[in-house]
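Two versions of one and the same chain are coming, encoded as structure tokens; call them structure 1 and structure 2.
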Structure 1
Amino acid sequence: KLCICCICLGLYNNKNRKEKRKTKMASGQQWVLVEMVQAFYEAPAYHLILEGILILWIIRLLFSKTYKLQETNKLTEKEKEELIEEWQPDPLVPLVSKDHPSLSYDIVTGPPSHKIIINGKECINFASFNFLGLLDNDRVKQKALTSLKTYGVGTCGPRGFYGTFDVHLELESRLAKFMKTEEAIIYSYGFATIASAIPAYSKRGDIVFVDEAACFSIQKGLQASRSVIKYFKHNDMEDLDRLLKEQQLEDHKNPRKAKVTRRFIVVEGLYMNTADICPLPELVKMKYKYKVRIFLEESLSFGVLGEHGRGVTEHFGVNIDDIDLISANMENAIASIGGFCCGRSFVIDHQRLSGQGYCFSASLPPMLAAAAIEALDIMEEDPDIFTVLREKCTSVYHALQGTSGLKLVGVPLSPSLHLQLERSSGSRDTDQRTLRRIVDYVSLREVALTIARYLEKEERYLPPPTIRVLVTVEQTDEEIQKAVSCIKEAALAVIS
């Protein structure tokens, strides 16, 4: 009997607890409903209007009629054939006339050294970037021949896949030692060097300040980086300072974004398109003032400027550690193929994983690496060669001053000068034809010149048409005098 009483008491208590819980839930639901009504009255008018519009739109969608697309009539076989015959596809590439300058080649026979054979005629070479005359050097050729017999012709693989030879590591070590940096990395194609280095560091959202006269390889690197590009006027430090100040103000407005945004200045040591030297000391001051990184492209200045040919840093006496990355090709002064970047070890090592031209291209043929090493030996053994080159550059520069109808573009220390028309006809094609007639005129008198070529539709800032005059250490004073006389004579005959 006691147990039955206990069970009954327990059931009664459970029933009471359930009833209390239901009462609480009902009161809670009433309280939520009260809060909803209260919130409805307290909500702003625009909020209620927006919700009402959304509810009406949903109701309209639910009750709107559905429409079926009208079935198109099927074409007969005859109609299909007629449409096919009428259709004319757009040209894959724009039409180009057969007499376009890029389609008419001057054929070179033999090495393009001091004397060059063009279209069967021997000329004095003022058209090749063989500044130090190493292209036909006996020591360089013998070193390349020995390497060819040892390693074969090519590598058939990128550096990361059995494409790294001992001679590659030796060349990288020698370049780092020559430039007085911690480490260097070599590429198998000069153009791809800076074009691969820029996107290896600068990514989407980063900001790059670049000189508007930058060469085409820099432009392609900027395009591949997908960064924000801000161009400043050529060698105009006031314009660059203005852009950096504007960016500094934007960074103060959004400090969170500024913390993750990298900023770079990209310039050339000696500009390919203008033959001007960059004001490097001023750029270094701006680097530390605005906290940006400097990428320096030295394809023309390497092996040319400085007491030992180390480029624009040596020319101005700037500490090379102040430059974050230096790149150059080995296709000018060294007279080989490929390019290199040098700097601090942690900077260079990043390219071994992110430099597209390094990771995906077959490595530099060993014989060309061996030739570059021998060229470095010659440059170190005979630093007077750079003094000779500077003297000849200055001589040519002053001799070409005052050429009738032509304007000399560049600085006295540049081995790559430009001659452009003082008065343009207003038509680029007409100006190019005029300059071509001057080149042909001097070619008949056994002097080889060349017209600067550009991808006109691809260039960010297209330079005017020019004749490029290239100076080397092998040119004698008599040959320089003859070339200058021929150019002046041709200008008078063609322009006037």
Structure 2
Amino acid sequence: KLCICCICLGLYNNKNRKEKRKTKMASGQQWVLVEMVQAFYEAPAYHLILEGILILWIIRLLFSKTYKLQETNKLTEKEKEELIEEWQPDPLVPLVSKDHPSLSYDIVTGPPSHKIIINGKECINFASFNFLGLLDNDRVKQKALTSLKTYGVGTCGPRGFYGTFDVHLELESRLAKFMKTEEAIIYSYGFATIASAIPAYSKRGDIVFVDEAACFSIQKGLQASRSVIKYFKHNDMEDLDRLLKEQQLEDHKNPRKAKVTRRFIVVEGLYMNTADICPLPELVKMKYKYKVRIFLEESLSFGVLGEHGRGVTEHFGVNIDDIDLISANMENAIASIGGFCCGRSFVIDHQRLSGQGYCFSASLPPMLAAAAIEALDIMEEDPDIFTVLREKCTSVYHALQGTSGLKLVGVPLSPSLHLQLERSSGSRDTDQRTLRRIVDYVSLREVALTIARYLEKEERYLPPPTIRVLVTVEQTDEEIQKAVSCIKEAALAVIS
């Protein structure tokens, strides 16, 4: 096709030159144009017609498509029908095997507080995240009831459309005050908090450095943000440093792009999956060295670590303003429902229009907000509760050391510990069944434990199967003793 074009152009130019030669002899350069027009008038009609056709042909060639794929390959309606008849979709969901652990939930009758009735049997609860024992605290209950009698249960609307209640505003300002930050924002679901907060700031093209042991809601938030995600080894600051250095080199190559690429480090305070604490002071150093913002997920550490329960910042004595955003849920220590983010107004306020889980979801039922306010009151009035919790955690941690066949994962301060098989059989299913047998054995002796559950195919860094041991302030020393000896006994009986 190009060839033809060239030939055409050649012909055309030839002709022009001929015309020019004719006229050039008579006059100077400035007359060329006029004379060309004159030549045009003088040219014979067949010549002009030929030329016109040539021009039209060139235009046609330029604008026509080289291949007419659709035309040649077009399916007839009949063929299409056959294809539609022929196509068979996969089933909507694959069959789940009958013995999948999720199909036989343990049924809890009554409240899952200190004493819990599982499948009709009363046990001491080592399986709920009720660290401060606020779940069936009378004060919290009364506050929730009063609120229920004023507001009813539901809010019937998102925050924007008459779903904001005075209790929500009160809870937000109380949380901000408790955490000593400028502003706080509450979400109606713990899982949605960090999962909405991350994509509100980090967009396509931005870079997020994440600890690979980060919990599932962080992973979902990252996925929703569509940013570039770089995982560093769990709690390994050298690895993070290496990634940040690499990024710095990259930035030098392309400074214009670097100027608009936001960078974030996302870490958990106390890790859900590994029960250890992030090295926050080092992270803050990195932050200023490489100019990266830090998002901290404190669902487990809020109301647990630190002298006043303010979480990992207080634990390390890090200035809370050095952390750009702190997110936590109110479903563990606070024993209510929902989550919150706090930080400087400059950062937090943005979520009120950009946090999807905030804007598009119904707001938190007022009674749950009221319960959370009362829980904050209790935490502020009596900071000793955190000392008690720390002591219990440490004693459980030390008592569980040296269980034969089981390895304790976590740090002494963590109220959420993991017991993992010392020697894995190599098959996840078998391991899980072994652990399940331990849990069943222990529950016969009136101690409630649970296996940590994960979506095995979806987790980015799947932890080995573990039993969760959750410590609360309500557990007495005798009960802890009893639970520990039960676990040791069970491990002996089941594993060996």
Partner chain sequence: MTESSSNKLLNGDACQRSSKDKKSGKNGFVKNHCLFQQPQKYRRPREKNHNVVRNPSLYNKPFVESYEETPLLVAVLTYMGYGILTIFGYLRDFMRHWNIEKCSVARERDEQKDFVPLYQDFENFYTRNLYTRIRDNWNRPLCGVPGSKMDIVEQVSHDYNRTFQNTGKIMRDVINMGSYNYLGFAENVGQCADAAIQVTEKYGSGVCGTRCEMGNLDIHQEMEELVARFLGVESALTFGMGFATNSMNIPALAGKGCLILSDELNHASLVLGARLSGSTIRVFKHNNMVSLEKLLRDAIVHGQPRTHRPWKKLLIVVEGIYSMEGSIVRLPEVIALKKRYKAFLYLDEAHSIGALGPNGKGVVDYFGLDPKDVDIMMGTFTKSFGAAGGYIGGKRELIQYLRSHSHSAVYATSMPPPVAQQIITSMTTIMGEDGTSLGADRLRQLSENTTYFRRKLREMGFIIYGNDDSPVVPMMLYMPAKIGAFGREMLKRNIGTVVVGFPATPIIESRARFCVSAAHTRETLDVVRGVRGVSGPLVRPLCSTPLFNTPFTRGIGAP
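Here, rigid core means the biggest group of C-alpha atoms that superpose within 1.5 Å across both forms. FYI, numbering is relative to structure 1, first residue = 1. Predicted, not measured: the structure shown is a model, and the values here were computed from it.
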Just one question: which structure is the form predicted on its own? 1
Has the Cα of Ile58 moved 2 Å or more between structures 1 and 2, judged after a core fit? yes
After the core is matched up, is the C-alpha of Pro91 off by 2 Å or more between structures 1 and 2? yes
Does the C-alpha of Leu455 move 2 Å or more between structures 1 and 2 once the rigid core is lined up? no
